[in-house]
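What follows is one chain in structure tokens, specifically the form predicted alone.
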Amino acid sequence: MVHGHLKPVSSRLTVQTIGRLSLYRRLLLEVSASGARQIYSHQLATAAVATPAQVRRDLMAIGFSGSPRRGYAVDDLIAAINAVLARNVETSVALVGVGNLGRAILAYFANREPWVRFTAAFDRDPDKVNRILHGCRVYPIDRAEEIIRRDGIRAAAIAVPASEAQHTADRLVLAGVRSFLNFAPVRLHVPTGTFVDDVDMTTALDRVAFYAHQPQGS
């Protein structure tokens, strides 16, 4: 029996909400693997380090409701979040930059997410191209526009030096990319309607280092 139902999503979800939904999905998959079939908002909130009210607001934002007595049906909620996060359709992603970071990205995601796959990688180093790394073929950067248009790729990860990042993004936008995961330590300027998620590891490490040296309890 399904305890919970999905209504049409009526409002635009924020980036923060999408991030929390992705976290809920990962936690729910762990719960499902343990054999649990129902979960309450306070249980999901505890695992996500959030509040029950925040969890309920996020699920209401995607039109999913539960029962006060039985909570949420875990598998139904996973399916609802999958639908919102486009996990029910395959998304092809391109990678530009097959250095140490780029290779680590390919290795990490290889066979991890069946609905989001790196299907093409690009680099300017002739020693790195015309190879298959972790299931992804590496092409010369000069073929980026051709391959992206041919394969209908709309998402890309940029793992090139800061000096090359903007030019790379410009090329990919013209080829049809509309969503970026940016690992370069520079802000990208992209057209309105194009999404960029910056992964600034230097800034993250600066925060970690700062708080590591703060007095305990401050």
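Sequential numbering from 1, following the sequence displayed. For clarity, every value in this text was computed on a predicted model and none was experimentally measured.
Not on display, but discussed next: the form predicted together with the DNA.
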#### Entry: Position in contact with the DNA when the complex is considered in the predicted complex, options Met60, Ala162, Leu29, Leu174, heavy atoms within 4.5 Å
Met60
### Query
Does the 4.5 Å heavy atom contact test between Ser41 and the DNA in the predicted complex come out positive?
yes
### Query
Any chance Ser179 has a heavy atom within 4.5 Å of the DNA in the predicted complex?
no
#### Entry: Exercise: Arg70 in contact with the DNA in the predicted complex, heavy atom 4.5 Å
yes
#### Entry: in the predicted complex, Arg154 touching the DNA (heavy atom, 4.5 Å)
no
### Task
Run the contact test on Gln16, Ala53 and Gly66 with a 4.5 Å heavy atom cut-off to the DNA in the predicted complex and return yes or no.
yes
### Task
Mind telling me which stretch in 163-171, 145-153, 187-195, 41-49 gets its heavy atoms within 4.5 Å of the DNA in the predicted complex?
41-49
